[in-house]
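The chain below stands alone and is given as structure tokens, in the form predicted alone.
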């Protein structure tokens, strides 16, 4: 299995859906702002439109984050790209972007974590379509894949085994990780903040897994996790996380 970016300093600051505290989530504006705020990586959510395009949006529907209505998987790309996620109606920086466009925009500056969010259609073609896009752009060494769905992770690994995988662990269903951890090849464990105890972090790291915790927005939680030696955090506030990480490193309170 590929190593999980061993050349990068720890802990990683991963901008959750971009710098989403300061810009509309999962938009080019949020991802570019994450670059400006010196995040180490961005996380985004990918799923298929009705006509098979890989679009970047978190929810199964467009209702919460855009001015439109309906399920993403039942809308064509032509309809999705006309929606606005918070800016002017014709502003491409706050429209729903394609995965390929996000990768082209930021992958030279940041690592990109792609969460495959085909939870409403778990048997669709998303895993291998994502693998095809990554390979076509030649960015295998700049991305990693995540999902809560072990089948999705397993299918992606079969399509593109050289790309690292993070297994997301849901607070409500941690048993999924326990059940499938030996079946799904993965380099990182990505637990909910409430599952990330000092003992759990030590255990997962002892098994050779990178530990990346989501979603961490409060300063005290950041300080605690950094002191425990996590490999990274997903945060809506990358500028704050960078500040706290730099402070703790200056105080020699971070391992490594």
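Here the structure is a predicted model, which means the values were calculated and not measured. Positions refer to the first chain, counted from 1.
The form predicted together with a small molecule exists for this protein as well; it is not shown, and the discussion that follows is about that form.
For this session: Identify which of 205, 58, 32, 53 has a heavy atom within 4.5 Å of the small molecule in the predicted complex; exactly one of them does.
Result: That would be 58.
Exercise. Using a 4.5 Å cut on heavy atoms, which of 154, 77, 148, 180 is close to the small molecule in the predicted complex?
Worked result: For this set of options, the contacting one is 148.
Exercise. Heavy atoms within 4.5 Å of the small molecule in the predicted complex: which stretch among 66-74, 38-46, 217-225, 196-204?
Worked result: This holds for exactly one stretch, 38-46.
Exercise. In the predicted complex, does residue 168 have a heavy atom within 4.5 Å of the small molecule?
Worked result: Taking the distances in the predicted complex, the answer for residue 168 is yes, it comes within 4.5 Å of the small molecule.
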